[in-house]
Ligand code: PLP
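For reference, the chain that follows is the form predicted on its own, supplied as structure tokens.
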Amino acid sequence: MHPDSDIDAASPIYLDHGGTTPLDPVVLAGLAERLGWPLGNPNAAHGPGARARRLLEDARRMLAEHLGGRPEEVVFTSGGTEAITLAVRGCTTASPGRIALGATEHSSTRTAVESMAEQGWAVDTIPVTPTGRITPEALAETLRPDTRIVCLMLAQNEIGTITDIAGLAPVVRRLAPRSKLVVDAVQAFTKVPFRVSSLGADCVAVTAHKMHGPLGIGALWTRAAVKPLFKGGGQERGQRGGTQPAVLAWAFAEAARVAAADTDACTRMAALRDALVAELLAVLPDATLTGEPPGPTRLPNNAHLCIPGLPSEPLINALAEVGLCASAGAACSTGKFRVSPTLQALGRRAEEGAFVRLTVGRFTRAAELPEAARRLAACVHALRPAYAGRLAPR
């Protein structure tokens, strides 16, 4: 334990904010208060229903302001996956065409696109650079006149690479003018500055639990009405049926407000991330950073490392046992080493070693970082002998 730290070997260290984030205390307090209010169905005419409706629509207005759009353009969903699926399937045309998607898209996007391929849609994959960037040239070579949907991530969830959507949107408009541009901003919202009004997209998906808001609530910003995944009772202007969770919608908007008010958050997270990487490289000098270098083209909270000499799954399990919460960029299944689709798109191989994602949050403390590095290094050194000779360097 560092002499100036209260972090000891028994204290859990949470560095998986890319997976989900703990609730902001301000949001938690407001959420708990409102869950006790006598709220009705926001679509009812009586008093409790009207109160719920005001809460819901105030949340819609607040969230729209933070996104840079209009309230009527915001559709509340159960999370990012539903928002992305609603955008992809909701933008399809009667006659199948082509769908283009980045090679490192999130599994929710890939799954939605695969479902459309089963209905006759042709799928084109946009290649990425070894650091995960999509260039205008690669996008231009992929698009066709009959491309109807283009799916791009604003910030890659695994390696943290940021895509210049505003720079790529004109390429889409020029070469596939009839297409809809669907953007996954789930990891980016509140970490990457953007306004939907100037992004050039048609649909943008966001969610609350990646930004210290609650699980179970997301949203789709969309320029035009999308076809619903299911009809339900016609709520959300007929685009997403089901009684809206007004309190969760309030918590989402409140989390966006609190994050926006913390104007130094991204700078602090970037400094924490850089300090963490420095600590890790000091104890594991053969580790390397995956993706874009720290700076404007990488999420401020993301550190994705390749550590040679062992696979990911045993390392992640060992880290869990010592209370260091992280996630893997590779998995081990039935004895065969494999890497994620994202890493495959980057040309990475499982034989290179363990791929580990460490993501800080607004409440991560600098005092946690040296102990996190110590635990990770201890696990690596303990596991490496068991895999000697089984994994070859790149």
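Start at 1 and count along the sequence shown; that's the residue number. All values derive from a computational prediction rather than experimental measurement.
This protein has a second form, the form predicted in complex with this ligand, left out of what is shown; the following refers to that one.
Colleague: To verify the annotation, which of these, Gly79, Gly97, Pro245, Pro314, has a non-hydrogen atom within 4.5 Å of this ligand in the predicted complex?
Modeller: Looking at the other structure, the residue within range turns out to be Gly79.
Colleague: Ok, Ile159, Ile149, Ile84, Ala255: which has a heavy atom sitting within 4.5 Å of this ligand in the predicted complex?
Modeller: So the residue touching this ligand in the predicted complex, by this definition, is Ile84.
Colleague: Give a yes or no for Val186: in the predicted complex, does one of its heavy atoms lie within 4.5 Å of a heavy atom belonging to this ligand?
Modeller: So Val186 counts as contacting this ligand.
Colleague: Is Lys191 a contact residue for this ligand in the predicted complex, using a 4.5 Å heavy atom cut-off?
Modeller: Contact check for Lys191: no, nothing within 4.5 Å of this ligand in the predicted complex.
Colleague: I'd like to check something about Met153: if you look in the predicted complex, is any of its heavy atoms closer than or equal to 4.5 Å to a heavy atom of this ligand?
Modeller: It does: once this ligand is placed as it appears in the predicted complex, Met153 has a heavy atom within 4.5 Å of it.
Colleague: When the contact criterion is heavy atoms within 4.5 Å, does His209 count as touching this ligand in the predicted complex?
Modeller: Residue-level check for His209: yes, a contact with this ligand.
Colleague: If contact means a heavy atom within 4.5 Å, which one of 209-217, 246-254, 267-275, 139-147 is the stretch that engages this ligand in the predicted complex?
Modeller: Selected stretch: 209-217.
Colleague: Considering only 92-122, what residues come within 4.5 Å of this ligand in the predicted complex, judged by heavy atoms?
Modeller: Read in sequence order, the residues that approach this ligand (within 4.5 Å, in the predicted complex) are His106, Ser108.
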